[in-house]
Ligand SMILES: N[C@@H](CCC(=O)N[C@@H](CS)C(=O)NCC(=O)O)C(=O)O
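A single chain, nothing else alongside it, follows as structure tokens in the form predicted on its own.
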């Protein structure tokens, strides 16, 4: 069985595990701390980065793009009979997503409103491109889930968590992307591709009191609590 070496909240890892989940390929997973990387991991990984996939024969593969291609080669494709041209286009659209993982991450860690606005505008360029080419859906290419959907899943999943907890929407105004996000969430793959403590660790890092979004979450929770108390008072007082 293949093994994935992971850091719990890494979007590059989630792209890999989401593809494995979509294809129902069994795998094991080991979580490591990026602040204290074990020596065995450093001995295997030329880059010291996750994800890393260890094959059944013990070969260590690195870089998420290469790992995704390997998974496609050892398992049935999500879509059959794609032309070379279409596969190339799918890789290109997948790259439009993965290259923005490291745009979204610092945006979520923004310390103030101005920084969040500036970084959100950079991230919005990716969603704007997708908005222009999305059709009737529910997925990127229509009725069937594809590798492109898997590549965009980490961005859309994280945007949903941020909106739910803070009210801030990274994809506000992108109607087709919002519908696409809803379909991706409804597929169940976001939940199947992360650890049980993902939400806790995600919030602990991106929605801490050190971040602007973290303080938005606290303000939202306080406001909702105040509304609940007002409603109870109005009903029973």
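Keep in mind that this is a model prediction, so the values were computed, not measured. Residue numbers count along the first chain shown, from 1.
The same protein also exists as the form predicted in complex with this ligand; that form is not shown, yet it is the one meant from here on.
- In the predicted complex, at least one heavy atom of residue 64 sits within 4.5 Å of a heavy atom of this ligand.
- Residue 49 belongs to the set of residues with a heavy atom inside 4.5 Å of this ligand in the predicted complex.
- A residue is said to contact a partner when one of its heavy atoms sits within 4.5 Å of a partner heavy atom; residue 21 fails this definition for this ligand in the predicted complex, lying far away.
- Shown alone here, residue 37 lies within 4.5 Å of this ligand in the predicted complex, counting heavy atoms only.
- Here the chain stands by itself, but in the predicted complex one stretch of 49-57, 193-201, 208-216, 167-175, 49-57, has heavy atoms within 4.5 Å of this ligand.
- Annotation for 109-141: no interface residues with this ligand in the predicted complex [heavy atom within 4.5 Å].
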